[in-house]
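Read the single chain below, which is given as structure tokens and is the form predicted on its own.
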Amino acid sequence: MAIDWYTEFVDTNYEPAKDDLICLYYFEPAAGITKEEAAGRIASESSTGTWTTLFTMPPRMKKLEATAFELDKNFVKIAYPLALWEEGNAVQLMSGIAGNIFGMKALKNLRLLDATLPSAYLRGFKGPHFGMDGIRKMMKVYDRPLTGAVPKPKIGFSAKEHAEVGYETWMGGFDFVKDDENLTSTSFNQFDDRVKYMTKLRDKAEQETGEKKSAFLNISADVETMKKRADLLAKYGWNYAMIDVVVAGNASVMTMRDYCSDLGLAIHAHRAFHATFDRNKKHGMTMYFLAKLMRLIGVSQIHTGTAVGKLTGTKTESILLADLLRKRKIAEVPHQCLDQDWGSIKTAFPVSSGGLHPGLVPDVLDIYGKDLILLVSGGIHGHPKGTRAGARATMQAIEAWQEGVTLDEKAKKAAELREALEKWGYYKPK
């Protein structure tokens, strides 16, 4: 009598149904396990299987089995019947396609690369509230990247000091001031105080420049606290809230998406913690699928790297991530990502940040184009003439890219950019 039944979950002749949810995995079997058995174990454990044959099972459950249907070297595609998934529940989705399977001894390594979400599954989600067009309308910026900066050092300023750095950032031409991932509400910089100081200087900057100014203020905490902080932001006329979406968790982001939307707040998604599971190229989950998940559950933008700054990530990865967030239809790239039609789900902005300065701006814009949120922080605050001059230098670098001239050519008539290039040149942080 057979003990296990893993190979029953493998069928290389299977033709996926239109509403199947299809996952792409990279996998490495443990010693003594064939690739076919390993693929069957993934499909089994993430759907209706278990480690042994059962005494009885209703015949109808056969239709709920996941099927590993395409094996190519160490890559496998698995099709999951739509009925396995609760409508509108990204938490349950991740418990299935990225749950116990990562702990199986039969697998040396396993990495979730992507999943095609069928239209029948997408119907359970609202996606981003505003979309890129809505954000641009909100900020009244249409022909260039949106810009922002974190006061640096990222934590340590008082609420008043933080706002003063923010004011200089706005006055240099930037659209946003951003809290960093580990600044929420500390003894020396209480959230409520920061909001009040920031509001006063935002209003001052708007009056003096005639431009819309905003901020990504970090509300990350338990859900009830996040709601209170979102209420405060709305009370003071802000249009954004920032959440550390990975550490906060899918459930809280799903809740806060609707809560913030009701208040007219877009969500800036910081990806802190992501590299604990997406940096290892053989195990875990890709940043690509994390970004897909966040567009699904409705953030307005998420960090996607720079390819030229201080954080990991290649040019190819950055372009794929940007396309995933900004396009309706995505084409399959073998062994990297699957096709996806987002239907009526709105777009989200990619956010480029990490070790940038004016000398690197054209490189980033060559990768992303103008539809992104460009965060340059240390690269403005470290300017020889200070934050305001650093922000101006960055705006001048953007103008150079738009005009199709080199930074050196632009710097002949742009003093702030010239001073930035004298300090950093085209240095790429390591």
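We number the residues from 1 along the sequence you see. None of the values given here were measured: they were computed from a predicted structure.
Omitted from view is the form predicted together with 2-carboxyarabinitol-1,5-diphosphate, to which the following refers.
- Taken together, V150, H274 and G378 are fully in contact with 2-carboxyarabinitol-1,5-diphosphate in the predicted bound form: each brings a heavy atom within 4.5 Å.
- Taking non-hydrogen atoms only, P145 never approaches 2-carboxyarabinitol-1,5-diphosphate to within 4.5 angstroms in the predicted bound form.
- Within 4.5 Å of any heavy atom of 2-carboxyarabinitol-1,5-diphosphate in the predicted bound form lies no heavy atom of D323.
- 2-carboxyarabinitol-1,5-diphosphate is not drawn, but in the predicted bound form it has a heavy atom within 4.5 Å of G355.
- 2-carboxyarabinitol-1,5-diphosphate in the predicted bound form comes within 4.5 Å of no heavy atom belonging to D114.
- Shown alone, this chain has one stretch from 249-257, 183-191, 213-221, 263-271 that lies within 4.5 Å of 2-carboxyarabinitol-1,5-diphosphate in the predicted bound form by heavy atoms: 263-271.
- Though 2-carboxyarabinitol-1,5-diphosphate is absent from this view, in the predicted bound form it lies within 4.5 Å of a heavy atom of just one residue from R136, K227, H283, K154, which is K154.
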